[in-house]
Ligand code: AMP
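Okay, so here's just one chain, in structure tokens, the form predicted alone.
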Amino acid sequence: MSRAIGIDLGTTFSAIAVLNEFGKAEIIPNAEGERVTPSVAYFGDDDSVVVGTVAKNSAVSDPYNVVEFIKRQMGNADYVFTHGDAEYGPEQISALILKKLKQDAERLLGEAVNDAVITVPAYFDDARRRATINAGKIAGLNVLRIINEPTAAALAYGLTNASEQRIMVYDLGGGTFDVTVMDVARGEITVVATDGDHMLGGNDFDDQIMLYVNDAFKREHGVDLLREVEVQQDLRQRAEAAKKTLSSRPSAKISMSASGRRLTVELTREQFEQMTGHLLERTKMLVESVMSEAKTGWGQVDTVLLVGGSTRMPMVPQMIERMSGRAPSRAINPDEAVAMGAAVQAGILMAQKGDAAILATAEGRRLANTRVTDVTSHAFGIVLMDDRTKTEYNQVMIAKNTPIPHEVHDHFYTISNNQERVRFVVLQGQDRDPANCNTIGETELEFDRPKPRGYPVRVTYQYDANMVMHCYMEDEKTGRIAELHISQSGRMSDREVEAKKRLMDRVKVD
């Protein structure tokens, strides 16, 4: 039986890991010898696609054929990248990145790799989770499980710690932010509360540097660096490099040339922290929200884990120390922890299936007895009609931070005589006003004949281990069932996924 891998499919960088012969997680370097791979795809003149560092470096010289930050588009059916006569959606581009990681793993391991656990931000919604699963399938992977990134980080950290702890995972990556409170003991991880922002990450900090340099260039030379795509990409890479420099030095210099003009701008760490303070404050507000949801104080938190490359900015651990009264832990590599935790989760699933190779090690046998309990990152409800006011409202069926997998049933009733059908609308969100929630999908249950007012209909909500919704409406007296039709943007049918996979199979990825 081939080994299962863990994949951290990141906004800016991705990584792969596997359990070694001793049952320990280790990073698999890519074909270029790097431990992380830039999540960037470059479409050349032929049918081949380059993924990784070469693609990232091509963003300046050939920006129109480079795709970056595709993770932020997952679940967005309106996003299309066109190259020649071909069109690529977010799932397909993510599949190219996954295909590169799969090939690199197979090259190093010397065997086919089919099974994988893929991580997603804890705050990813239903559409983005489904899109990630589809990307894995298009890449030729059997997706064993979708697991939240903070939970994966806790798996990388928690299983080696014998003492029972309450930990907080502060995960600031290149494009997303999550914060999660969980209880960790040997052999068991229980998520208590989670929250996040899928549009907040290191890329947004880079944007502030770009604006700062651009303003200086316009004042000095009257030239807008953001008007030309090539110059903008050059500025982005220099801004990212300056941000990294400021993590270890008190100042950084950014030199830019455009329209025959040149300017060098010096940026101090203090200036950088001032211009990005509002971004850090957004993470602080979410930390406070999760602490409230978890009904816990800092005195009850034993460890704060920093995950994601953006936590290397000094202001992040400084803020955590001010809030918690203690320095955060640096026990795990912030760039690699998520992939390693995904590999541990893959090992858990394979061990529980009876994989002989994993169960041959003491570590593997321990994994077979490991339990991970995660929670919903969003609330899910159903649209009902208030009989008194005749207005629609959201009735929450599954509350946010409910342990998963979870299944709930309830009965609702027709509101008029001779009713021939009922409309079934599933919402994501906890606001009472449906307009302030996202519609997951909708359908109708048609009765065999008109029903009187007060006729019962049974509604079932199932939230599975991949954190994906399954919803049903049933007329129990006749056995008629309406299964939720997924209509939210970013959804693909199984037939569409298979068609996309056949197309991707013909694309050469380097």
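Note that this is a predicted model, so its numbers are computed, not measured. All residue numbers refer to positions in the sequence shown, first residue = 1.
Just so you know, the form predicted in complex with this ligand exists too; it's not on screen, but the next bit is about it.
- Between 297-305, 311-319, 324-332, 426-434, the stretch whose residues reach within 4.5 angstroms of this ligand in the model of the complex through a non-hydrogen atom is 311-319.
- Interface residue remark: residue 414 is not counted as part of the site for this ligand in the model of the complex, having no heavy atom within 4.5 Å.
- Remark: residue 244 counts among the residues lining this ligand in the model of the complex, judged by a heavy atom distance of 4.5 Å or less.
- Taking the partner from elsewhere, residue 228 is found to have every heavy atom lying beyond 4.5 Å of this ligand in the model of the complex.
- Taking the partner from the other structure, this ligand in the model of the complex has no heavy atom within 4.5 Å of any heavy atom of residue 121.
- Only one of 174, 136, 196, 89 comes within 4.5 Å of this ligand in the model of the complex through a heavy atom, and that residue is 174.
- The partner is absent here, but in the model of the complex a heavy atom of 202, alone among 381, 202, 75, 364, sits within 4.5 Å of this ligand.
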